[in-house]
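Only one chain is shown below, in structure tokens, and it's the form predicted alone.
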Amino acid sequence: MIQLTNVVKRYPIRGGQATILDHINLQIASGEKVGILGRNGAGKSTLIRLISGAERPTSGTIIRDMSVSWPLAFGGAFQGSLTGLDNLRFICRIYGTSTEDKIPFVQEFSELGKYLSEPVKTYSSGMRARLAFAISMVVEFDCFLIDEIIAVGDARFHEKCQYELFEKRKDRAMIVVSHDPGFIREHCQHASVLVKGKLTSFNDMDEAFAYYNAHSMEIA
């Protein structure tokens, strides 16, 4: 289970602080697939980073009783001076898993070719995203965090990502953040809507979409 209780996230701005997330409550059970809808700038990516542990909340608690991935396709944790392969080795070491048997998959899936042996700081954003997604698939988690940035690369590469995640790992819990109701409906059991820092949860998908559409212009 993952449980967020009264989670608040604020960032300093000129003249004070901006509240991005305001007393968020959310619970995800093993194998459950939850969608979080919100417009660009609503705080979805901030919420996913908090759940992953990449950032800490200003206040409130986050309990993780199952292993949680980093946000898929997020390459912000890479060490830029290391090669793609060295970053793979480092991440596998952190998570206590073997490395050499993972290299063929990462080589094939990322389609980076000779650039896997080049420093990550020389990569484009798309190359970093492909490497991050490939590495995400060789370290197994109980819950995967999926940002809409998952749609990297061309249509063929996107199909590969969809198969690896939603078919081969369909028994895992997932938290999907998106501004696309169709994507949420396709992959989730129920949804929550993030508006003005407040998260409202719905068991009925149609109710979630109706609420989302009614508040679609309310971002901050």
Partner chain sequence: MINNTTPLSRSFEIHFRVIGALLMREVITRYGRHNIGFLWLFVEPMMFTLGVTALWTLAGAAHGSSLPIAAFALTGYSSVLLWRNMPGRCSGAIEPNLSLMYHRHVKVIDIFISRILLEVAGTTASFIILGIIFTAVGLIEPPEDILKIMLAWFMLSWFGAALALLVGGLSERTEIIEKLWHPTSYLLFPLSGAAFMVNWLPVTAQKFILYLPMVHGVELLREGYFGSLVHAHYDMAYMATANLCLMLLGLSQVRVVSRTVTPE
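Computed from a predicted structure; not experimentally measured. Residue numbers count along the first chain shown, from 1.
This next part talks about the form predicted together with the partner chain, which is not shown.
Enquirer: Mind telling me which stretch in 23-31, 191-199, 157-165, 45-53 gets its heavy atoms within 4.5 Å of the partner chain in the predicted bound form?
Expert: Every other range fails; the passing one is 45-53.
Enquirer: Considering Arg64, His187, Arg169, His179, which brings a non-hydrogen atom within 4.5 Å of the partner chain in the predicted bound form?
Expert: The residue in contact is Arg64.
Enquirer: Since exactly one of Leu112, Ile103, Val138, Leu82 fits, which has a heavy atom within 4.5 Å of the partner chain in the predicted bound form?
Expert: None of the other options qualify; the answer is Leu82.
Enquirer: Considering non-hydrogen atoms and a 4.5 Å limit, does the partner chain approach Phe133 in the predicted bound form?
Expert: Phe133: no contact with the partner chain in the predicted bound form.
Enquirer: Closest heavy atom of Ile91 to the partner chain in the predicted bound form, within 4.5 Å or not?
Expert: The answer is yes: Ile91 has a heavy atom within 4.5 Å of the partner chain.
Enquirer: In the predicted bound form, does Asp86 come within 4.5 Å of the partner chain, counting heavy atoms only?
Expert: Answer yes; at least one heavy atom of Asp86 falls within 4.5 Å of the partner chain in the predicted bound form.
Enquirer: Does any heavy atom of Phe144 come within 4.5 Å of a heavy atom of the partner chain in the predicted bound form?
Expert: Output for Phe144 is no: heavy atoms all beyond 4.5 Å of the partner chain.
Enquirer: Using a 4.5 Å heavy atom cutoff, which residues in 1-16 contact the partner chain in the predicted bound form? It's fine if the answer is none.
Expert: Only a single residue, Tyr11, comes within 4.5 Å of the partner.
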